[in-house]
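Have a look below at one chain only, the form predicted on its own, in structure tokens format.
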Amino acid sequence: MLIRPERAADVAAIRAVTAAAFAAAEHAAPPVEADGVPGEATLVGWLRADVGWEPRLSLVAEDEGEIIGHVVGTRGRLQDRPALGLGPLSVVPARQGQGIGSVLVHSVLAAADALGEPVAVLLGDPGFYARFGFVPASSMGIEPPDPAWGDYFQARPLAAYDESWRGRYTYAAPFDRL
């Protein structure tokens, strides 16, 4: 398996992987688009067209020439500073549970660290993301866009982090369209 930045030729495969992963998930987020594709698959396309897009943080897992997973990090805002939001993270259903998602998360965090990002935030299952060093964002003084998210809104400090990175986080604009 190879982890690499996405290429223009990968866009359709990434959409298919994301659609399949979230259609299989019990918690597929609304809206479901008219073509039956879950909102996360459309979100990735919207993010690609947004100023918050960071192409070096859109990574695919490729196995024998097939895209089997994808993760993306985009620029949001933590108070008045740019800060990284992770997700969606997608793995084709037939390959879930094989560690591909974990490799993608480790890879995107390493890439973000190499780019000098101070912190990464995400909305996800604390039971899954704690293994990557994510903690409830509130414990770092980072507030979610929606207070109801509680401990599901998580943050992970990276090498450039210092405690001044506090306040309310706002995701890249396309997240508001979901």
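The numbering used is simple: start at 1 and walk along the sequence shown. Remember, predicted model here, so these are calculated numbers, not experimental data.
Here the subject shifts to the form predicted in complex with a small molecule, a form of this protein not shown in this document.
Chemist: Based on heavy atom distances of 4.5 Å or less, which listed stretch (56-64, 112-120, 41-49, 125-133) is in contact with the small molecule in the model of the complex?
Modeler: Contact criterion met by 125-133 only.
Chemist: Would residue 76 show up as a contact with the small molecule in the model of the complex if we use heavy atoms at 4.5 Å?
Modeler: Result no; residue 76 lies far from the small molecule in the model of the complex.
Chemist: I'd like to know if residue 83 sits close to the small molecule in the model of the complex, meaning any non-hydrogen atom pair within 4.5 angstroms.
Modeler: Looking in the model of the complex, residue contacts with the small molecule do not include residue 83, since no heavy atom lies within 4.5 Å.
Chemist: Residue 155 near the small molecule in the model of the complex, any heavy atom under 4.5 Å?
Modeler: Contact with the small molecule, no.
Chemist: Looking in the model of the complex, any heavy atom of residue 165 within 4.5 Å of the small molecule?
Modeler: So residue 165 does not count as contacting the small molecule.
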